[in-house]
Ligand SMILES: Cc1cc2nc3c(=O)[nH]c(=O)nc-3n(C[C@H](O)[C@H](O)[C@H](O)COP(=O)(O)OP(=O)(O)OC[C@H]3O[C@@H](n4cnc5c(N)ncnc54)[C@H](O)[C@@H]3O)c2cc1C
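A single chain, nothing else alongside it, follows as structure tokens in the form predicted alone.
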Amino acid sequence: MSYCAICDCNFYRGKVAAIVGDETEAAVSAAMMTKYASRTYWVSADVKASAVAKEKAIAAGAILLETTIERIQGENRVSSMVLGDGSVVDVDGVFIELGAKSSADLAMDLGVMPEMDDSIKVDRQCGTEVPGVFACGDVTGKPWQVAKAVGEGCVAGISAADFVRGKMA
């Protein structure tokens, strides 16, 4: 079991994985996991994910099971899950993605419209289209590397401080 599909997806290359969650984060994780796993199930009794995220996950090949999980089975590792209707689905891993809004959802709450790939477009100062809102790291797109995130984080922090001080237009 894992609580971070992005962190642990590579461990399930060629295996069967299940993503559990109702929100957009689960849909995004399910879509991403289809690039690694041989089969990806997305288990959600009450899909609350955005329609776009849900469509992307299904189009990517995630199999949506609109039910609950009663039990996750296995001895030293996950081997299957028992669904709300009593059926058993063999899986190698289960990712619990119950959480938070995705970065795209948070951006939209602030009035920033994500690109088609859910990344956020920024200028050289890491500013978004909304004055005073800055973005950095993975949310701004590839490469997904610590060095990029650290560098952009520094630029975004300085830019935000300058904005608050009135030093930016």
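All residue numbers are counted from 1 along the displayed sequence. Whichever C-alpha set is largest while still superposing within 1.5 Å between the two forms counts as the rigid core. The shown structure was predicted, so the numbers you read here are calculated from the model rather than taken from an experiment.
What follows is about the form predicted together with the ligand, which we do not show.
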Exercise for the section: With heavy atoms only and a cut-off of 4.5 Å, decide whether residue 146 touches the ligand in the model of the complex. Expected result: yes
Problem - Interface membership of residue 136, the ligand in the model of the complex, 4.5 Å heavy atom rule - result: yes
Practice task
May I ask you to check whether residue 1 falls inside a 4.5 Å heavy atom distance of the ligand in the model of the complex?
Solution key: no
Exercise for the section: Please check if residue 164 has a heavy atom lying within 4.5 Å of any heavy atom of the ligand in the model of the complex. Expected result: no
Handout entry: Proximity to the ligand in the model of the complex, single hit among 69, 106, 65, 32 (heavy atom within 4.5 Å)
Key = 106
Handout entry: Location of the ligand contact in the model of the complex, chosen stretch of 57 to 65, 114 to 122, 137 to 145, 37 to 45 [non-hydrogen atom, 4.5 Å]
Key = 137 to 145
Practice task
Spell out whether the Cα of residue 139 moves at least 2 Å between this form and the one not shown when the two forms are superposed on their rigid core.
Solution key: yes
Practice task
Indicate whether residue 22 shows a C-alpha shift of 2 Å or more between this form and the one not shown, with the rigid core used for the fit.
Solution key: no
Handout entry: Yes/no, residue 37 Cα shift of 2 Å or more between this form and the one not shown with rigid core fixed
Key = no
Problem - Relative Cα spacing, residue 143 and residue 26, in the model of the complex - shift of 3 Å or more - result: closer
Practice task
Once you account for a change of 3 Å or more, let me know if residue 7 and residue 147 sit closer or farther in the model of the complex, using their C-alpha atoms.
Solution key: closer
